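Shown next as structure tokens: one chain only, the form predicted alone.
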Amino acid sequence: MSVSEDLDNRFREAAAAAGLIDAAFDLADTPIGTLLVATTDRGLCQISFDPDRGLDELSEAAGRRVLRVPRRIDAARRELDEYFEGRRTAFDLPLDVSRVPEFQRVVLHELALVPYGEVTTYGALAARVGKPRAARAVGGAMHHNPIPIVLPCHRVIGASGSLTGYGGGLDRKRALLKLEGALLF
């Protein structure tokens, strides 16, 4: 038995409206590939460059009540579209980083303050959070950033100026920095 697309959409919307889901997600097509974008009632909780793995991680972290509800990510999709079109330099979305450990939350808060079109280093970010010798720990926090692009870990580079690791791959990091005018090549 199959249900109509309209009935399926109404079910998903009703479940979300009744608070019966832990997280809603959908896919967003972007110039750097298809992203899984997820939100909770608190705010945007995840952007994943690998939708299949991202959905598994979301289900593991947020709970089993994860449902595809496209309208729940409309605001995030709109702001991401504006960003990729060069019309947005800062995101105004509520974020949910409640699942993130405290040190990582502190690092992500400082990361969010790195301006559009600028870069910083892992060491400089470590100093900004009061742990000047914790550049590697900051790198670990960047590696586990649940909301890349919006929390701009692509703006963090190595001390030598090199584009070091990025969860979405160095090609995506380069593309994001080029979009922002932080890279000229």
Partner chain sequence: MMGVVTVPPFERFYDEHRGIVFGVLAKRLGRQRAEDAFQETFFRALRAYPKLRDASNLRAWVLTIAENVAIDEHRRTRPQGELPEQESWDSLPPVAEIEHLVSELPPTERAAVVLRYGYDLDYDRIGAVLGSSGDAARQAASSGVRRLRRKELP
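Numbering follows the first chain given and starts at 1. It should be emphasised that the depicted structure is a prediction, and the values quoted were computed from it without experimental measurement.
The same protein also has a form predicted together with its partner chain, omitted here; what follows describes it.
In the model of the complex, at least one heavy atom of Ile21 sits within 4.5 Å of its partner chain. When its partner chain is considered in the model of the complex, Ala61 lies well away from it, no heavy atom lying within 4.5 Å.
Proximity of Arg12 to its partner chain in the model of the complex: non-hydrogen atoms within 4.5 Å are present. Mapping the unseen interface onto this chain, His144 falls outside it, with no heavy atom inside 4.5 Å of its partner chain in the model of the complex.
Segments offered: 128-136, 148-156, 38-46, 66-74. Contacting its partner chain in the model of the complex at heavy atom distances within 4.5 Å is 66-74. Contacts with its partner chain in the model of the complex, taken as any heavy atom within 4.5 Å, map within 44-58 to Asp52, Leu55, Asp56.
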